[in-house]
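Below you will find one chain, with nothing else, as structure tokens; this is the form predicted alone, and questions on how it binds or moves follow later.
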């Protein structure tokens, strides 16, 4: 039984950053990278199943350039024996639908029985990659999972999912399935020093879209959007209105008149 866990190395902007000259992204000099927090929880959920039951393999994977391998090594330091990285320079800036097509291709190649993904990523927050993977595979899915009961090889899994207004929905999903995991479902472990050392020696398979049988035409067709420009929004202004109630009311009326005049 195999659980595939897509992970991502997310971009973290410096507080005072600048944009590239083409206006399509932040200047790389102002960007750091770290593992996506949601993926820590999805990977921990998979590891707990692996440790509780025999015959379960957990495989982390990512779609990213060479430096994204650091996130895979962090996963392997916690558990698991191998990882997969998919990349081609043509994938730079790829949207979630394109990434999902590649994740689904890896799931098919690996014969995965379940896919556990983070609910969203900390940098773009699309919250759609896992759902797109389910669509590509034709599998059922459940989003924002906060509790999970699953026996490897079982025909169904029981999950709790987070809804609006603090509600929680309990449901049964047929397997194989794609689950997107929410923060707080567990307590992600820290990697031991020994685990970090061992992770350096574990294999990371490097694949291209062509290795997965995915053509450039298919990837182009799966593009879900085109980035037109990126910019810093204008900062608003605020005023603390002081004085007596009458003075505050007069000042508020004056502001409203000014705004109406400006419109």
Partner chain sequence: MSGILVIAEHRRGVLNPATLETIAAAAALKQVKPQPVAVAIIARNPDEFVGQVNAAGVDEIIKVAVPTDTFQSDVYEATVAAVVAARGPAVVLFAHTVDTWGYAAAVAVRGGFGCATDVFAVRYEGDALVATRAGYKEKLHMDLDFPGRQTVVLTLRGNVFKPIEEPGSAAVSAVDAPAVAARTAHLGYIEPDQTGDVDIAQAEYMLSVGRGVGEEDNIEQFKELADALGFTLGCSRPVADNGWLPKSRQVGQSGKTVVSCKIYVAMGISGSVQHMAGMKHVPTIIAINKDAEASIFSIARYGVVGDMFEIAKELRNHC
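Numbering follows the first chain given and starts at 1. Here the structure is a predicted model, which is why all the values come from computation and not from measurement. The term rigid core refers to the maximal set of C-alpha atoms that superpose within 1.5 Å between the two forms.
Absent from the display: the form predicted in complex with the partner chain. The rest refers to it.
This chain is displayed alone, yet in the model of the complex one of 131, 91, 77, 148 has a heavy atom within 4.5 Å of the partner chain; that residue is 131. Contact check for residue 154: no non-hydrogen atom falls within 4.5 Å of the partner chain in the model of the complex. When contacts are judged by a 4.5 Å heavy atom cut-off, residue 37 counts as touching the partner chain in the model of the complex. Interface membership of residue 215, defined by any non-hydrogen atom within 4.5 Å of the partner chain in the model of the complex, is ruled out. Put simply, residue 191 is far from the partner chain in the model of the complex: not one heavy atom of it is within 4.5 Å. Here the chain stands by itself, but in the model of the complex one stretch of 105 to 113, 80 to 88, 67 to 75, 163 to 171, 163 to 171, has heavy atoms within 4.5 Å of the partner chain. Although the partner chain is not shown here, in the model of the complex the stretch 212 to 239 places heavy atoms of 221, 222, 223, 224, 225, 226, 227, 228, 229, 230, 231, 232, 233, 235, 236, 237, 238, 239 within 4.5 Å of it, in sequence order. Positional change of residue 250 between the shown form and the other one reaches 2 Å or more at the C-alpha, relative to the superposed core. A displacement of 2 angstroms or greater separates the C-alpha positions of residue 239 between the shown form and the other one, with the rigid core held in common.
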